[in-house]
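Have a look below at one chain only, the form predicted on its own, in structure tokens format.
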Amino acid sequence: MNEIRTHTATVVRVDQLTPRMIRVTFSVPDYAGTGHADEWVPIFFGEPGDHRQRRNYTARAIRPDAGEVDVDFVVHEHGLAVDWVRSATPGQQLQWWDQIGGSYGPPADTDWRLVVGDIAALPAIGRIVEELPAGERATVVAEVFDEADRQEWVTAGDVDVRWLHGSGEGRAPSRLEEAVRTFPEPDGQGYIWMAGETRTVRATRRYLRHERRLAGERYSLTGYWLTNADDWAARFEPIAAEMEAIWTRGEAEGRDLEEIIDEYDTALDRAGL
């Protein structure tokens, strides 16, 4: 078995940002990151290497000189990470897997950006907005059920933030797909980034790829969580090997990533997932 390489992350401080968002600042001196504004790090809330006890979280802010990384946690009713963060105190330690991801990458000729997500995507949205250089245009559509969970960001970019309330979060149907479909796109080359509930993201990707026929480099969409995740996981288990084979076969054949995702999503649709 390959050795799991990890970073030791020590809690420095804990701050309640909004009613449903807690920020934990970690000391992680050897963390370098990927450079992607939406980069995420796999965190073990149990033994390193026990992936059942692992969750992925966005590196909300990185301060290399101080060796610090902020991670924002959405507080749900219960859950592995939520139970941990509710009692987190300075000095506690977690292990971060050295397998960092991230997908935000507008092409060099991008004239405007549409950045879309729900409460789980706010950490990535905030970092994307805050890292925009002067003159870069972006429209943000952010969905939080309760207005109290809105956040404010400081940016040098030209950013228009639009909030949706009373929808999403598994408490009401999300309006994010509709927001993408009805967005009045400016002139020039665009780039669309979206993250949130997986089924909503899948439907939006299908629209962009198959109805709009956008090139793959013009969008990046990531499912962060699932409504009724336990039920979904139980129904997924019987087809897990089949689903993994789709990726393995597609990569071995050198197929385009978007084509592999198409086949994967079609298989999920057949299974009612």
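Note that the structure is a prediction, hence the values are computed from the model and not measured. All residue numbers are counted from 1 along the displayed sequence.
A second form of this protein, the form predicted in complex with a small molecule, is not displayed here; the remarks below concern that form.
Site annotation in the predicted bound form: the residue of Tyr57, Phe44, Tyr219, Tyr31 reaching within 4.5 Å of the small molecule with a heavy atom is Tyr57. This chain is displayed alone, yet in the predicted bound form one of Ala88, Val161, Leu164, Val82 has a heavy atom within 4.5 Å of the small molecule; that residue is Val82. The closest non-hydrogen atom of Asn228 lies within 4.5 Å of the small molecule in the predicted bound form. When the small molecule is considered in the predicted bound form, Asp149 lies well away from it, no heavy atom lying within 4.5 Å. Among residues of the shown chain, Phe145 is not one whose heavy atoms approach the small molecule to within 4.5 Å in the predicted bound form. Among residues of the shown chain, Glu169 is one whose heavy atoms approach the small molecule to within 4.5 Å in the predicted bound form. Heavy atoms of every residue among Trp40, Val74 and Ala120 are located within 4.5 Å of the small molecule in the predicted bound form.
Picking from 66-74, 201-209, 23-31, 235-243 the stretch near the small molecule in the predicted bound form, with a 4.5 Å limit on heavy atoms, gives 66-74.
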